[in-house]
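The chain below stands alone and is given as structure tokens, in the form predicted alone.
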Amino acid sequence: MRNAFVIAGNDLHRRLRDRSVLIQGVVGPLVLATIISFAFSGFDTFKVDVALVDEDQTVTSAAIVDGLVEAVNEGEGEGLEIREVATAAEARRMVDDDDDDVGGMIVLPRGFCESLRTEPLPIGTVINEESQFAGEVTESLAGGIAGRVDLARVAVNTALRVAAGEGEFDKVADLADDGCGPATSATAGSGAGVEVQPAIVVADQSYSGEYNAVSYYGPGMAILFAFFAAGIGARSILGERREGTLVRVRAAPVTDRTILFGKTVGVATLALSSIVIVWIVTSLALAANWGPIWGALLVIVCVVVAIAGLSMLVTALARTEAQADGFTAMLALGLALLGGSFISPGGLPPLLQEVSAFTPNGMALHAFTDLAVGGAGLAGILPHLAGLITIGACSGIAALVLLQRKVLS
């Protein structure tokens, strides 16, 4: 491991002396952040409105609606607002109306509370396909509600099982049943003015109203630049083979796998530095919201793993440095388009929308939005993190095998 890190450090030192690396890995992201700053400097009035429809009309669904409205609308930010709408048809009309600010709708379906006993009904969403990122905001909010509800459902079911063992099942079950009563009976109680408390609320969920365009496009552009930065580092192994320096490295008492691992660490470090620079600049200078620090760091590290693996695979498949540059550019721009870095996936054809969810850009942007808007915890972004690591691991292993056979043979 020590030899691998020495190789990585030496590779980074050489790369940093290359002006193209400094431009694409450091100067580029900083210039991009500055451009975004000027482009969105007048976006103080930016807002995404989401319509919320309660078709269930139970104590529990009313608590979810009230809690979400309170958590979002009474926050300090002005970038996001929840509108309570009476019917799904009215909400759909507002979403389709280009003159209206509503970019998406969330529907708690009829029978939602009753379905919590077995398998919860899906929370419906409709988005305006012409909106660049309102769809992401709407999906993240719906995902946050679903996650919170599922967590509470497990807790209630656990309480029922424990109560059954203690002979208190009927009492606890009655309390659970009250939550599925009509919303108008929430304060009726049993005739004695007793207030029925639903088991599921979302008032303490960490939703944020501080969400602007930079919060969405900042990560998207950072991932794009990271591909180019990683590509520079990855293709260096082809240059070293051509120049003969790779042969001298192999003459040292190190294995081929150590050399390749060191090169991979160098590539990952370049990509990580590129994304972190954009993260810091957009967060401090532009008030971009990438989510809590711990969550943003986890997503950044995982997306870097995916980028490093894909960049090394591109290098392994290329015969020359020029081919590696061309393949990297096509991969970076193609994934950026599919993953939503330039255009929200909601504006893509249905088939491409499905493909978008499996791209590293799409996974990372979904995770960042879930953290910043949906108040997602680790469990909420875990599928995205697992997907990114899987992409990086599979492509990285394939790249190491191909490089060992082709470049180090």
Partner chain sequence: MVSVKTPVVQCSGLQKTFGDRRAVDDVGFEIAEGETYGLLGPNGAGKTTTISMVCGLLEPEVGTTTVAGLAMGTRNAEAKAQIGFVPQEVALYPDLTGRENLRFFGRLQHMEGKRLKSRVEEVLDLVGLVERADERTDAYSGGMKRRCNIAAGLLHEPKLLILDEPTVGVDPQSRHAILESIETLGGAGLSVLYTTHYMEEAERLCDRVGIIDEGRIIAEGTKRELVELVGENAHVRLTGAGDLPGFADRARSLAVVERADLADGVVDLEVSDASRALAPIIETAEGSALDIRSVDVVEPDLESVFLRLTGKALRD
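Note that the coordinates shown come from a computational prediction; the quantities given were computed from them, not determined experimentally. Positions refer to the first chain, counted from 1.
The same protein also exists as the form predicted in complex with its partner chain; that form is not shown, yet it is the one meant from here on.
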| query | finding |
| --- | --- |
| Stretch in contact, per heavy atom within 4.5 angstroms of its partner chain in the predicted bound form, of 272-280, 244-252, 292-300, 118-126 | 244-252 |
| Contact flag, Ile7 vs its partner chain in the predicted bound form, heavy atom cut 4.5 Å | yes |
| 4.5 Å heavy atom contact, Glu321 to its partner chain in the predicted bound form | no |
| Its partner chain contact at Glu240 in the predicted bound form, heavy atom, 4.5 Å | yes |
